[in-house]
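The form predicted on its own is given below as one chain in C-alpha cells.
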C-alpha cells in the first residue's frame, strides 16, 4: 500500500516539475543543457580514470576541475540571467555574459598553468 502511494507521489512530482520547466525561457534551457554537458563530461572523465588509470594525474585533475568550474560558472550565469530573480534585476544580460566569459578565461588560464 505504501509503495503505490510513494509511486503516485513520485509521478505527481515529476509531472509538476515537467510542467513548471515547460514555462522556462529558452535561453535558460540552453544554459541548463550546457551545464548538463559539462557535468556529463566530468563524469565521463572520472569513469575513464577509474577504468584506465590516472597516470598523468595533473591532466585528469585539470580536466575534471575545468568541467566542474565551467558548470559552476554557468550556474552563476543562469542565476544572473533569470528574469524571475529579483536580486540581479538591474544587471543586463550582456554584462552577466561578459562576466561569465572573463571568469572562464581566468579559470582556463589557471587550469593551463596547473598542467605545467
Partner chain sequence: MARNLGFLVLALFVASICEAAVFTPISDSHRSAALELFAATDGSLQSLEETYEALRTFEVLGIDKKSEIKTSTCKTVDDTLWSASSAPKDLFQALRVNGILKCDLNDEAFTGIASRLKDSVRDASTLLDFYYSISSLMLIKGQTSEVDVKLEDADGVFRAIKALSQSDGRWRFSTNNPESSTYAAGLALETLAGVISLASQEIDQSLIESVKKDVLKLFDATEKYDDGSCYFVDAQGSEGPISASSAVIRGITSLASSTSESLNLSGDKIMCLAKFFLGIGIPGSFKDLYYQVDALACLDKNGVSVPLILSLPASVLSVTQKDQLKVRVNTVLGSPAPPLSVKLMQIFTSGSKDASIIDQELKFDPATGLHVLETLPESIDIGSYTFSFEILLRDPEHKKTYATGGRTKLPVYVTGVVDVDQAEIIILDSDLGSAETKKKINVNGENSFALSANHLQKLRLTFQLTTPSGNAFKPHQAFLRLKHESGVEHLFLVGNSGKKFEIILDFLGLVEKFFYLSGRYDIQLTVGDSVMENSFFQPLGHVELDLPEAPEKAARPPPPPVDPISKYGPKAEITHIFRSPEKRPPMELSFTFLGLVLLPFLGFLIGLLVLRVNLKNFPSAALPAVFAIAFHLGIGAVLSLYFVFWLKDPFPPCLHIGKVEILLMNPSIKSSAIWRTGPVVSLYTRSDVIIPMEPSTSKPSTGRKRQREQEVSSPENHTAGDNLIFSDTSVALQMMRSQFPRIDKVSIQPFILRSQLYSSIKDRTQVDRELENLKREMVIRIFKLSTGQDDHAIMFLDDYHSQIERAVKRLNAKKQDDLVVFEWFKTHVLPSKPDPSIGHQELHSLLSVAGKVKEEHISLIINAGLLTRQLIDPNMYWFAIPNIGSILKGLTQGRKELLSFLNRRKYKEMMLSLLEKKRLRFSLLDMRFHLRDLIGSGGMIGYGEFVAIIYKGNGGIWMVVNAKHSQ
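In this text the structure is predicted, and so the values were computed from the model without any measurement. Positions refer to the first chain, counted from 1.
In what follows, reference is made to the form predicted in complex with its partner chain, a form of this protein that is not presented.
- Contact with its partner chain in the model of the complex, judged by any heavy atom within 4.5 Å, is made by just one of 44, 65, 79, 72: 44.
- Although the partner is absent from this view, residue 37 contacts its partner chain in the model of the complex, with a non-hydrogen atom inside 4.5 angstroms.
- Not displayed here, its partner chain is kept clear of residue 23 by more than 4.5 Å at the level of heavy atoms in the model of the complex.
- Contact annotation: residue 83 falls outside 4.5 Å of its partner chain in the model of the complex, judged by heavy atom distances.
- Remark: residue 88 does not count among the residues lining its partner chain in the model of the complex, judged by a heavy atom distance of 4.5 Å or less.
- Residues 97, 101 are the ones in 76 to 102 with at least one heavy atom within 4.5 Å of its partner chain in the model of the complex, listed in sequence order.
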